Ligand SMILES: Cc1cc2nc3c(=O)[nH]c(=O)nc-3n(C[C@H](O)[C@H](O)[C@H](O)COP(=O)(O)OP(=O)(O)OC[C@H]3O[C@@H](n4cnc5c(N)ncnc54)[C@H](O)[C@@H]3O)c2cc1C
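Starting off, we have a lone chain in the form predicted alone, written out as structure tokens.
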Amino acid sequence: MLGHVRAVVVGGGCVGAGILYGLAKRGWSDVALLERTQLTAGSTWHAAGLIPSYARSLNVGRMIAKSIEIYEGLEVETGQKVGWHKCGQLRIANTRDRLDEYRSYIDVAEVQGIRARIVSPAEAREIWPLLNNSGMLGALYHPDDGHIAPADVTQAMAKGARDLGAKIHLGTEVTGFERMPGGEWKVKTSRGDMVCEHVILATGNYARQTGAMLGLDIPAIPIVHQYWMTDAVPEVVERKRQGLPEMPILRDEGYEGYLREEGDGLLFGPYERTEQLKLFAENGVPEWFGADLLDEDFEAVSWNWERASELVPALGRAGIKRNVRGPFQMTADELPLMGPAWGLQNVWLAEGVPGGILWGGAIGHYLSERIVEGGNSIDTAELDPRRFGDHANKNWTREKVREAWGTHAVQHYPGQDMPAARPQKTAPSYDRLRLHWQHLPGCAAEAGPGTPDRDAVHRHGWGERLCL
């Protein structure tokens, strides 16, 4: 028997450590974290560690700002370095629509309390002198963004939680859950049972397997992402010799990816499009997979690399030192599942987190606030796990995840209708409207299996009222 605690966190990545730390900071010292192997062994250790604050949602932006606030205070509080590089972030706009998007965001950023400004092409080149983009129209600059060492920040939050009395059990695999007559939960593990009032799941790539133990079909599936690190780049070495500051993280819609300094070289992470995107562990994480990486897949992102080498010639001249390719969780809307599990008392989810390093501090803060105090100081409804209905099964999730990450860097518009997995859920009038549609002059019957012609939708103003 491992004992009796008030809350058990399952999963020892950045998100799990953040939750344990958040609970302990709120005075719940009688809490424990269970990790099947070692801290950071899942997606955390191989993450690129980016902390971008760009979010058009008022409250999502505030949550990201909370992560930055927590991470910046950890080093002083715990005495443990977190590898925080507050280098800023620069987002290049090559089209009028993208520049309009960034301009409209500035008002949102002001309300969020986030510093951001539009810069001219000339100023963008001053901020990022290795950039050779003659077609840019401007850029969005966040001076307070940066990147952090994923393992270091996770260990710092774990230490902060331990210092406040929380316990961490490594090499402890959860094998099942049982609701006890008194309403408590028995968490069964490879090292014995633990009884608690609250169960919090933060199991990353294992989310669907862990959820299944509780009868939950978690609407999240891991995608596979990769990035490359180069050998030393002379221009970067020279900047350091001159004592110049680190260049911001560079995002350019021309190559659909991110680029930042890494040591004396560069780190380039391209975004895979839908056709090239690979999913991972749709039917469960293989037993052989632990703190492992997957084989490089250059073909999936070759165009990104070629275009990036044109826009940043120093990248194309550098030798490749290492490829890092591994899985991390994704949901249909690229937002975490954070909050109460449906149909289960005192079971909480922190699953489907795309970017655990970005979200770890914020989820730890706001989920612990919800558990301990019964509510949140800001509206976190956008992350509520119950926002998806019964139609969000594995087949639906698979298609929506591919679409979400596969169009991650593509221009999006307010109210845009995304077609993947339709018509999984339809209005009661769907069949009658579809029959009527087929007889309308100039309207195609279908644009795909069971999918009405989208142009006709807009012509007749039915939109999402017909097919949800």
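Residues carry their position along the shown sequence, with the first being 1. If you're wondering where the values come from, they're calculated on a predicted model, not measured in any experiment.
One more form of this protein should be noted, the form predicted together with this ligand, which is absent from this view; the next part is about it.
Specify the contacting stretch among 124-132, 301-309, 354-362, 229-237, defined as having any heavy atom within 4.5 Å of this ligand in the predicted bound form. The contacting stretch is 354-362.
If the cut-off is 4.5 angstroms on heavy atoms, which of these, 37, 424, 57, 407, is the one near this ligand in the predicted bound form? Exactly one listed residue reaches within 4.5 Å, namely 37.
By the heavy atom within 4.5 Å rule, which residue out of 246, 173, 101, 193 makes contact with this ligand in the predicted bound form? Exactly one listed residue reaches within 4.5 Å, namely 173.
Touches this ligand in the predicted bound form: residue 265 (any heavy atom, 4.5 Å): Residue-level check for residue 265: no, no contact with this ligand.
Is residue 205 close to this ligand in the predicted bound form, meaning a heavy atom pair under 4.5 Å apart or at it? Because a heavy atom of residue 205 falls inside 4.5 Å of this ligand in the predicted bound form, the answer is yes.
Decide whether residue 328 counts as a contact residue for this ligand in the predicted bound form under a heavy atom distance cut-off of 4.5 Å. Taking the distances in the predicted bound form, the answer for residue 328 is yes, it comes within 4.5 Å of this ligand.
Contact between residue 23 and this ligand in the predicted bound form at 4.5 Å, heavy atoms? Taking the distances in the predicted bound form, the answer for residue 23 is no, it never comes within 4.5 Å of this ligand.
For the stretch 117-135, I need every residue with any heavy atom inside 4.5 Å of this ligand in the predicted bound form, listed N to C. Not one residue comes within 4.5 Å of the partner.
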